[in-house]
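One chain comes next, on its own, written out as structure tokens in the form predicted alone.
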């Protein structure tokens, strides 16, 4: 996944593009580049590294021109090199392109273009777009865009700047949004790219092409037919984008959870009623998500079964083409996604929708592709989440899941959002105990996390956070499976984290802890009750409803992953090889 931005207006483009790319850097941070148009020519500057570093080395923000495009890359085709950084130009240097997605037929196109005399400067699939635009440019920008899009196969969004000063964009299965400002237009992969300049946006649909020429916006489809889209006002607050007093976005977002779990419970009465009615009346229920959102799906399945008496099946979105191949037409698919743009989740939704299923969505970005194609969606109301590792979006999903379940079981949970907020605040306030544990674990190479029942998904989520942020091997294990293999891994210098609140699973999990400790491993307990078997104890508050513990016990794991990342000199906001939302397969 990458961030792309285009600007044409009355102000100098380069400093605006650099600022926008910095806001979207969580989408990709291998390399950076900008192309601007000035005095009839296109200038390109690009290099590997993060936005501020490359800007400092190349003085990108000092480039001339009031028209330009920019890009931050998360590598898919070709290594992380200056040549593979975007923008890419064609042979005549009269066109430059930035691209997000994957061009599946780029090899065939590249061979065809090479035979025709074109020379390629990079290893990327993206460069073929620039050369195709050059081939078809003879009849103008409009025809070049249409003919190029018809040749491309795969999922993509791209923005191009032409030597006459026109900028144009196209999208197919990747997000592309137009920002409408008083003094110009933006074309971006993310509203955060232009939100500080305007809150007015036009959301392009699949198969849309846009052209900004002489300060006029034109939108049409791949057949050249004009398309009308309304201007939408985007509601996110700009203040949420900044780190404020915190060293990292990740730390800020961990601390924000005492607020965001409350916001997640604030839902429009009509919309949540429709959501719950569709869920309650479905013949079959499936829940899908990727990564952290899949762990939320596992907890949702548990809550629906225990309290709403609704049986549901969970499906990893990447496995949907197999697991949802014969979904019934009167079923409901609940999709969970922070961004609403995750490629695998979109595939799951389209597969289910094509077979007649209703689509329900739990999402953070309410203007996303998934939100626009769902039958009903609920927002976690977390605001922008910049840290690549999900933190506040996960607990927001859980808070919303509890709210939905409470409605389905006619108030049997008596959810108190204020109770979540206080409990999370108490855990965050006791960060010292987590820091002491992190100091002991900073040189470890293997961490195992054990939990039973509803705590098992949190073991998986904690392991994911440790892998993402601290680059350490971590594995979530169902505690009852310990003797069926994992016990062989327990030895000296092994750290094992037990998710063990005082609920019906407590006694069995304590027994597991004794078995592990007898093999020489170090045992860390996350619990509201201290026990002598723990070498280290991280205390969490006692909760009235045992099913609410996941929303609290995940916080120490987030903090531990953050502290271990710092101990290993890793940047917790930008973990290596990862991007915030995986919009490519």
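Numbering follows the first chain given and starts at 1. Owing to the predicted nature of the structure, the values given are computational and were not obtained by experimental measurement.
A second form of this protein, the form predicted together with a small molecule, is not displayed here; the remarks below concern that form.
Partner-proximal stretch of 91-99, 511-519, 386-394, 475-483 relative to the small molecule in the predicted bound form, 4.5 angstroms, heavy atom: In the other structure, the partner sits against 386-394.
The small molecule: the contacting residue among 374, 198, 292, 84 in the predicted bound form [heavy atom, 4.5 Å]: Answer to the contact question: 292.
Contacting member of 155, 339, 166, 379, with respect to the small molecule in the predicted bound form [4.5 Å, heavy atom]: Of the candidates 155, 339, 166, 379, 339 is the one lying within 4.5 Å of the small molecule in the predicted bound form.
Proximity of residue 212 to the small molecule in the predicted bound form, heavy atoms at 4.5 Å: Contact with the small molecule, no.
Exercise: residue 468 in contact with the small molecule in the predicted bound form, heavy atom 4.5 Å: Output for residue 468 is yes: heavy atoms within 4.5 Å of the small molecule.
Contact flag, residue 464 vs the small molecule in the predicted bound form, heavy atom cut 4.5 Å: Yes, residue 464 sits close enough to the small molecule in the predicted bound form that at least one of its heavy atoms falls within 4.5 Å.
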